[in-house]
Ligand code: HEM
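Take a look at this one chain, the form predicted on its own, written out in structure tokens.
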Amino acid sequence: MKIIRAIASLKLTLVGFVLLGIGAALSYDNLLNSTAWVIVIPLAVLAINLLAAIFTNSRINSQPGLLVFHLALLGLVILVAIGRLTYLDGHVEIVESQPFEPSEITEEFKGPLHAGILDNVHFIQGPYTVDYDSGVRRGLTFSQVFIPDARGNLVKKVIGDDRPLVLEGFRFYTTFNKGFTVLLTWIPDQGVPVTGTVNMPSYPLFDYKQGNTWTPPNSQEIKFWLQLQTGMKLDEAWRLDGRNATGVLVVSQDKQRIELQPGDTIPIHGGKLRYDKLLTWMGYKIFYNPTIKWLFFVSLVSVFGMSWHYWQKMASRPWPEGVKNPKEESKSQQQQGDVI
């Protein structure tokens, strides 16, 4: 019992919180590539400390409401630790009309026990719109995605920053990171034509820096610059919609500057380059945590336990003068009814 009481000490609680604070600081934005254990180990210390306190502290285990609250609190600590061991956090850019590809995920961080299978996630990116207030303040995002059903038909769903797409436990949230892409076809002098996309920087964040480069197979690097017309207004509300936007693609090579409209083709060293179409791309934040629903349920249990505890405390005390106890008033009314 002495060992258990030592484990239940508030000093150990303080140590656990200090370690948890350090772990949270190391994990913030994961700039130091810290592992999940910097959070899990402090949570394990706090869970053991709390469990020992539940066993040894009579003020906790002798009061049902308080006991339920502390057991729920213990459950929350354990669930958060499990969540850190099994989570996934990543980002991906998906081009309009293209399917989601797990191999395209960047900045992927996951717990050592992560068991989600992204290969089972299938959807196609559709067009999107973003509302802006004056001053280019971003409002709601409405991104269309198409999900295959059991019969192979595509079902449309509209998602946003606060309306995620949830598939196989993975949650996809839209972000401020989105922009335009150009669909290009490289037609070599010898060989098979190749079609692909080149994403431009985020729009409208980098409105005046819509440039990128690409090196075709067996050719030289090509510099691109995209001149966009999107209807952007600095002093009025407006809506970004790639279906209403136009883009002139400026190609620079060998000190030559050529402007291309969709459908135009120019000769390049070793072949020809065709500007097929202007499309958009959307950046998503991917989040996976199998404990989210359980966290919500156990949180409700903790609220119930604390409410039960305080209700018992208030019910055991006499009511102030002038204030009628609801139970006594109910009994009085029942007695009057019996007399009548």
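In case it trips you up, residue 1 is the first one in the sequence shown, and so on. Quantities reported herein were computed from a predicted structural model and do not represent experimental measurements.
One more form of this protein should be noted, the form predicted in complex with protoporphyrin IX containing FE (HEM), which is absent from this view; the next part is about it.
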property: Protoporphyrin IX containing FE (HEM): the contacting residue among 309, 285, 277, 274 in the predicted bound form [heavy atom, 4.5 Å]; result: 309
property: In the predicted bound form, the one of 68, 298, 38, 60 near protoporphyrin IX containing FE (HEM) [non-hydrogen atom within 4.5 angstroms]; result: 60
property: Proximity of residue 49 to protoporphyrin IX containing FE (HEM) in the predicted bound form, heavy atoms at 4.5 Å; result: yes
property: Protoporphyrin IX containing FE (HEM) contact in the predicted bound form: residue 313, any heavy atom under 4.5 Å; result: yes
property: Contact of residue 25 with protoporphyrin IX containing FE (HEM) in the predicted bound form (heavy atom, 4.5 Å); result: no
property: 4.5 Å heavy atom contact, residue 232 to protoporphyrin IX containing FE (HEM) in the predicted bound form; result: no
property: Partner contacts for 74 to 110, taking protoporphyrin IX containing FE (HEM) in the predicted bound form and a 4.5 Å heavy atom cut-off; result: none
property: Sense of CA distance change between residue 86 and residue 13 in the predicted bound form, threshold 3 Å; result: farther
